[in-house]
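What follows is a single chain, given as structure tokens, in the form predicted on its own.
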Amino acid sequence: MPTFAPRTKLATHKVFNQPADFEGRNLFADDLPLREASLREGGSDLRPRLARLGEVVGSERVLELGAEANRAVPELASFDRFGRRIDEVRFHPAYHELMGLAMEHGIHDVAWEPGRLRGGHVAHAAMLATFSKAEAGTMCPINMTYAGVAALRIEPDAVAPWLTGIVGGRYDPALRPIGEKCGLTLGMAMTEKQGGSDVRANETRAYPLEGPGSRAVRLVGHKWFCSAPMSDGFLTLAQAKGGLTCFLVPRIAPDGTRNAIHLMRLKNKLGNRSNASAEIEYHDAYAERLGEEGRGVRTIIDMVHHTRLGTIAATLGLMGMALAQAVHHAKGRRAFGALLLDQPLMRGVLADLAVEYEASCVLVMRVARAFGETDETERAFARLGVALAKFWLTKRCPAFVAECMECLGGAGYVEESALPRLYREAPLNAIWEGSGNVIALDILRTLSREPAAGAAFAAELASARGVDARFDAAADALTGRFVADPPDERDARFVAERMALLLQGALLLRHAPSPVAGAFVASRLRGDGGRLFGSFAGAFDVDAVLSRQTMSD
């Protein structure tokens, strides 16, 4: 019988006209708008630390870890092989490695480092944005751990072991008492089925445990969303005798046993696949009161305030990675006789996206700086600014990522590309920590109840007046509208949008190159822009804007 040698390949064509792999780059140092904004607002001494993180997360190894952690999603283990209830979440090793890297670089505690005088919250935001470019899901527990410190400091003596375990701690996924661990993480369990964002409708009950002056209670009830259920402890809200109260719930009770926190199921989410979110029930779970009884919302608001900073930083990271992918593709792909980057219409789209990203960078980092200030004007600005940024940036993010995906054509729509994961992640931060309507109403309440916040906003606009008549006219129009017809709830979204745009415009006029600031003011404030990215009329120095996206150190 005849024999046939096996074919080793079926070569029908040569693969060419494709961009190089997106890897081996510094995701901080190569991002000029992020680098400029973070170092300006946080101090140039942050450069080495941020650059080290950018180099690590831009490596081929970490980019692949991010992809792998989202392919191999967390799994719930309710029982062990002997039938004992364990309520654990099991993760792929890539997740643990990413968490270890994040805590090794101090994203969770840089803002709280002893002796740090300035720039800590800017460093947190810049690092979280940079890490989110490679993998965003792990930033949920990292950001909640960072934000939890703000709430714990209400009673620092009572929770000293927790603060010690977080600040300076490193990733330790083992389930054991906090005193035996080299680092701690915190999660959050607030909302219930019947209330959602209306936490005052919560029905989980807290029953006091015996002991004079005891802060300890047992909790009975459920939570519809428990973010990061593998954390060492959770801040939660429950009804006590004096009203809605905040409690700290450890996974290991003081007697060394597993606390009675039952994980009913993990959420099957659209995105954020590497991170676990659970529905839980408290079955007489041990907890300790944090803050005054009946003032739970006031206690937890510090944590929510700080987690909102993380949501806008993560949004910035998603936008930055999507834009970098689009520019990279356009630089390495030819069509109709020229590089995509040299095609006039594509250049216009990319330049408009670049303007949007520049405006997002200056806003996030300016808000982050305000978090670290002790001046009451700055603190008031932080409360208003983070809400404005969260409302606007998280709404813009899905359309922004979708446009970047389209720049890659069909190659951007397949799972081997980073864009599908970024696209699934894009809507999330608009939902977490208060959806759009909640945030818009928060903005109106802040303006009504805190005159200092409105004054701080007006001061930011005033600092940019006289540079561009178009900006001045837009600012006058909003101010005039407030005087003629004070906003009510039906106006909340319009007010939030216009205030955010004016704040971005003011910051760009003060800090960005004139082609960037001018393009923003013309397209977003004067009305020369359409409803789509790349749709604008009038002068727009595309070359100057794009040059900032194609340079690096």
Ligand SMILES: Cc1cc2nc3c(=O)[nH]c(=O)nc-3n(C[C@H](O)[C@H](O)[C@H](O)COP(=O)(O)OP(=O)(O)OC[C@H]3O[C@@H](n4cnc5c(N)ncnc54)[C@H](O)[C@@H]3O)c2cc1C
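The shown structure was predicted, so the numbers you read here are calculated from the model rather than taken from an experiment. We number the residues from 1 along the sequence you see.
Unshown form predicted together with the named molecule; subsequent notes refer to it.
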Might residue 71 be said to contact the named molecule in the predicted bound form, defining contact as any heavy atom within 4.5 Å?
no
Taking the named molecule as it sits in the predicted bound form, is residue 245 in contact with it (heavy atom to heavy atom, 4.5 Å or less)?
no
Interface membership of residue 239, the named molecule in the predicted bound form, 4.5 Å heavy atom rule:
no
The named molecule contact in the predicted bound form: residue 269, any heavy atom under 4.5 Å:
yes
Quick one: in the predicted bound form, does every one of 144, 191 and 225 get a heavy atom within 4.5 Å of the named molecule?
yes
Report the stretch among 425 to 433, 315 to 323, 103 to 111, 159 to 167 that approaches the named molecule in the predicted bound form to within 4.5 Å, counting heavy atoms only.
425 to 433
Check each of 208, 398, 195, 294 and return the one that places a heavy atom within 4.5 angstroms of the named molecule in the predicted bound form.
195
Considering the named molecule in the predicted bound form, which of 154, 438, 452, 411 comes within 4.5 Å of it through any heavy atom?
438
Would you mind checking 273 to 288 for residues with a heavy atom within 4.5 Å of the named molecule in the predicted bound form?
277
